[in-house]
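A single chain, nothing else alongside it, follows as structure tokens in the form predicted on its own.
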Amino acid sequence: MPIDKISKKTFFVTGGAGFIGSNVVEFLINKKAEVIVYDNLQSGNYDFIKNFSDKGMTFIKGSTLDKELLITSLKKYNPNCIIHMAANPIISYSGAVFDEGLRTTFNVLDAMRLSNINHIIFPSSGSVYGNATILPTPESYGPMLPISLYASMKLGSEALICAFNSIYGIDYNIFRLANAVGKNMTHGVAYDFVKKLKSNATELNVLGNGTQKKNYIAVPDILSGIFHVYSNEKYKNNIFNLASSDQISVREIAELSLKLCKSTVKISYQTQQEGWKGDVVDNFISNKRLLDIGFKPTMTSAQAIEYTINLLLKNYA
């Protein structure tokens, strides 16, 4: 990607101490950008980013629910782009959908409007498609009928961004991510399996019957895809699926986890297919649109999972 699109630019990253956000910060710092991290540390971890404080990163402890602080911060630093990562990653009740999802996105957009900031990057989710009847699912699929509160929050945030673009001219790049895995992850199936196996488990309990299939994407490919799009003006104001080109089942992930953790415990499955209410049991979003503009993921779903488990095992070591 053209270095001049990132180098010496200023990026304001909400939720920059979280899983994907902290990786975004590291990527931008390595590209010689100036980075403002705005995070209330409710689900983020300052340890993920503390080493960048003397390399071009400024940290602001603040909530995206505090619009006045947002406006003050944006006017002070006048960033070229907002990367809006702030959200509750585990939304399970309606109050959090509104306050920690939709309201945070509205506040960020309104603060941008009032501060004359004109570009936002937003990571949405492939779960917005719900139980899609077309697999792999393209960006043009509809109607989208989310089956979880988290997915409904992401889809609602997309709608707000598109409305602010239409009314106030705020440009956007929206990415519907497959299941994200990699460095600094704090939840998810690979994380949970390694954590269980490293706690001297006598068996590995799996949510659902293991036949659930999803496509995954590792953080390095997420970063590559996002900034491949950001670096080309003609891709502004578009929505892209960001995913690997295949799927892996929960059963395969469980078996791979045992192999890499060198464990021989029994795997225990449940009778129902879904792991939880709102679980999309066959989630396969198409990455063709990104492939057509020159982006190609470097890892399959299985490789992304293996890469992540090895990172987790290094942390335990």
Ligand SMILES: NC(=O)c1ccc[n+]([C@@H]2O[C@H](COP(=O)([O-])OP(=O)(O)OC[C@H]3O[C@@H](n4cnc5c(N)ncnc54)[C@H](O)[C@@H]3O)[C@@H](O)[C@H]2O)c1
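Sequential numbering from 1, following the sequence displayed. No experiment lies behind these values; they were computed from the predicted model shown.
What comes next is about the form predicted in complex with the ligand, which does not appear here.
Enquirer: At 4.5 angstroms, heavy atoms only, are 162, 241 and 297 all close to the ligand in the predicted bound form?
Expert: The answer is no: none of the three residues contacts the partner (heavy atom, 4.5 Å cut-off).
Enquirer: Taking 4.5 Å between heavy atoms as the contact cutoff, choose which of 81, 226, 112, 180 touches the ligand in the predicted bound form.
Expert: Selected option: 180.
Enquirer: Which residue among 137, 173, 124, 212 has a heavy atom within 4.5 angstroms of the ligand in the predicted bound form?
Expert: It is 124.
Enquirer: Heavy atom to heavy atom, is residue 65 within 4.5 Å of the ligand in the predicted bound form?
Expert: Taking the distances in the predicted bound form, the answer for residue 65 is yes, it comes within 4.5 Å of the ligand.
Enquirer: Just to confirm, residue 87 within 4.5 Å of the ligand in the predicted bound form by heavy atoms?
Expert: Within the cut-off, so yes.
Enquirer: Using a 4.5 angstroms cut-off on non-hydrogen atoms, would residue 19 count as touching the ligand in the predicted bound form?
Expert: Yes, residue 19 is a contact residue.
Enquirer: Using a 4.5 angstroms cut-off on non-hydrogen atoms, would residue 249 count as touching the ligand in the predicted bound form?
Expert: The answer is no: residue 249 has no heavy atom within 4.5 Å of the ligand.
Enquirer: Only one of these stretches, 113-121, 128-136, 180-188, 229-237, has heavy atoms within 4.5 Å of the ligand in the predicted bound form; which one is it?
Expert: Only one stretch passes the 4.5 Å heavy-atom test: 180-188.
Enquirer: What residues, if any, in 24-45 have a non-hydrogen atom within 4.5 angstroms of the ligand in the predicted bound form?
Expert: Contacts from 24-45: 38, 39, 40, 41, 42, 43, 44.
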